[in-house]
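One chain follows as structure tokens, the form predicted alone.
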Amino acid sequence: MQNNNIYDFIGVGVGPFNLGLACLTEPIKELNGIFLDQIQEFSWHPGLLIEDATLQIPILADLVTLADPTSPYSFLNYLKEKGDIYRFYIKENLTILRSEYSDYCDWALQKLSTIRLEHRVDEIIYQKNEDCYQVSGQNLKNKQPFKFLTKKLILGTGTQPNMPDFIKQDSDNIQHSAYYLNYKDDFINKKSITIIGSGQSAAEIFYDLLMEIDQHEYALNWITRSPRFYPLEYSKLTLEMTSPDYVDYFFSLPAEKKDTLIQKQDNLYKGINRTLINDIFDLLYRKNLNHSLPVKIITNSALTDVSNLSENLFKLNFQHQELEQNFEVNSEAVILATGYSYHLPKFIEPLRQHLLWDKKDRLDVQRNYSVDQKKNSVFIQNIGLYSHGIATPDLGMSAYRNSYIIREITGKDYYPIEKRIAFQNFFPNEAFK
């Protein structure tokens, strides 16, 4: 289906970042845009919607509130419409359950007129004569092709589970943590389960399996190459590093210094919620009162190889980083909480010559989140850790970034953009002028 209407923008991917953008652009009548995604229905990290798992951010960091507190797409309005706002108030805890956040996002999506699910984007090309982009693909619902024209693009295709290169096994018993709940019923019937990694997902899965260890009697291992189980740094002055002020500072640094710096900031965005760490210890303590648990927790140990001992048993090879010793672990199930990485979607390839690339062949994200040579027609949502710092994956900064992108698209401040919110001065020369 050819659509000759030229949209002001098209967003590709409907995760929380582009969904927030859809909520903020919906009231802007002079903007004509749509959002495309191949998914059939919205579900945010469905394999990790463990019953007790919470977000690591408070309710103000929803899709819209930090840009527009009056928006009908706020989490508080979601609670009000569900009839749960007083229960949430009485709970006296501003954290959001992961499953609750997923349901909130779906609630917001259902209210929007600009979302086109089951629309798989296959190719995007630049049409010089029209000075626009042609987005083509297939409507998966009716199997019909589509072609849309747009002046601007917002790419929000998300990250993918990161698997070690040496993992070659084609087995349901070795899975990335992203698919944990899909396979949990099989895992808990194994004699041994090993979790690799030390981030929030690994901790949530370990706690969930530890809760049921008496019932199913499996051996449970938690092994990480990190030197310790880092708590997420959530002190108030540190939180100022997820601010427009710090984004300006980080962006101004040389590329080499940024790459070095981001490697030292894992505990600022990859750590474990401190409450969860304490809950894990307390649960271990309680369960050990009556009998010794078949649980092993080991740090400083890098997984180097995985092989099959039999159809239902893996041999995991590790190297202890400090002792410089190798050891082996046999396990019937393996859960790899090895994080996520961004992979450029294939549909971007025809645009390569129109985009900006850095010396490492990464998209060269500009301060205004554009990545094209015109510097104001292709924007990126899900990458920029190496350019904009730890604010990039932070859900609490998405409303700020979306406000910024809307201003770049329209030339108007529809949502006032804070330039300075931190008490700290990241540029000392400016502080003492």
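All residue numbers refer to positions in the sequence shown, first residue = 1. Fair warning: this is a prediction, and the values are worked out from it, not measured in the lab.
The same protein has a further form, the form predicted together with a small molecule, not shown here; the description that follows concerns it.
Colleague: Among Gln366, Ser377, Asn382, Thr65, which has at least one heavy atom within 4.5 Å of the small molecule in the predicted complex?
Modeller: By the 4.5 Å heavy-atom cutoff, the listed residue in contact is Asn382.
Colleague: Which residue, Lys270, Arg225, Arg98, His354, has a heavy atom that falls within 4.5 Å of the small molecule in the predicted complex?
Modeller: So the residue touching the small molecule in the predicted complex, by this definition, is Arg98.
Colleague: To test your reading of this chain, name the stretch in 367 to 375, 65 to 73, 402 to 410, 31 to 39 whose heavy atoms come within 4.5 Å of the small molecule in the predicted complex.
Modeller: Result for this chain: 31 to 39.
Colleague: Does the small molecule come within 4.5 Å of a heavy atom in each of Trp44, His119 and Phe347 in the predicted complex?
Modeller: The answer is yes; Trp44, His119 and Phe347 each reach the small molecule.
Colleague: With a 4.5 Å heavy atom cut-off, would you call Ile10 a contact of the small molecule in the predicted complex?
Modeller: Ile10: no contact with the small molecule in the predicted complex.
Colleague: Can you tell me whether Thr194 touches the small molecule? I mean in the predicted complex, with a 4.5 angstroms heavy atom cut-off.
Modeller: Taking the distances in the predicted complex, the answer for Thr194 is no, it never comes within 4.5 Å of the small molecule.
Colleague: Look up in the predicted complex whether Val14 has a non-hydrogen atom within 4.5 angstroms of the small molecule, and give yes or no.
Modeller: Taking the distances in the predicted complex, the answer for Val14 is yes, it comes within 4.5 Å of the small molecule.
Colleague: When the contact criterion is heavy atoms within 4.5 Å, does Phe229 count as touching the small molecule in the predicted complex?
Modeller: Outside the cut-off, so no.
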